[in-house]
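Just the one chain here, laid out as structure tokens, in the form predicted alone.
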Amino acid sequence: MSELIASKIQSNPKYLQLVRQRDTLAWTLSAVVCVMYFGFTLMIAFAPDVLTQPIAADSVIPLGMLMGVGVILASCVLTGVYVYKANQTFDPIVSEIVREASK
């Protein structure tokens, strides 16, 4: 990519808005994941009794096991949310910006 095209892209208001939207989404999802992981880790450290309780009276599966799986599954879902948003919203805007800069 030539420097002229790169400078056109960087000065395009749509590009600046795209960067802002993408960064906001990425930081928000990252914060949610961090809160989940650190919250789970803090529960292990400070409330292990809660995590060792069985999920039902006759169950051998502890609550912590389900919570750990939930954290992992939630992380996968949040990754999917980002990929969906990127494919549906961000990619068409990127294509439009590149097309405009290539003129």
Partner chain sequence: MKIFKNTFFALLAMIGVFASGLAQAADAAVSAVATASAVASASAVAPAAAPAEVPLNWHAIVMFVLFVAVTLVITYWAATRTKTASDFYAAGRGITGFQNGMAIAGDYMSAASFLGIAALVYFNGFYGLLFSVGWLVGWPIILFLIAERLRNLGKFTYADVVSFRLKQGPVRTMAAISSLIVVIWYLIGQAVGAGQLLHTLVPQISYRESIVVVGALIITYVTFGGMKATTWVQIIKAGLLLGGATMMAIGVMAHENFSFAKLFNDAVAAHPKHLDIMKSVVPIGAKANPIESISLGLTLMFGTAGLPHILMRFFTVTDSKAARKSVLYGTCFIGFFYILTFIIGFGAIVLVANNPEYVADLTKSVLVLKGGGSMPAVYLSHALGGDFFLGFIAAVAFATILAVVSGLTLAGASALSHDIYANVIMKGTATEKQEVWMSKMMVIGLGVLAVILGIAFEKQNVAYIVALTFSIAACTNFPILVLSLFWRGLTTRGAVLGGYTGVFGSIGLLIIGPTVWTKVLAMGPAIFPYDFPTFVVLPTVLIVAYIASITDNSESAKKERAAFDAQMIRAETGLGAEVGASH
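All of these numbers come straight from a predicted model, not from anything done at the bench. Numbering follows the first chain given and starts at 1.
Heads up, the form predicted in complex with the partner chain isn't pictured, but that's what we're talking about next.
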item	value
Touches the partner chain in the model of the complex: residue 13 (any heavy atom, 4.5 Å)	no
In the model of the complex, residue 60 touching the partner chain (heavy atom, 4.5 Å)	yes
Proximity of residue 48 to the partner chain in the model of the complex, heavy atoms at 4.5 Å	yes
Exercise: residue 56 in contact with the partner chain in the model of the complex, heavy atom 4.5 Å	no
Residues of 20 to 44 having any heavy atom within 4.5 Å of the partner chain in the model of the complex, listed in sequence order	22, 23, 26, 27, 29, 30, 33, 34, 37, 38, 40, 41, 42, 44
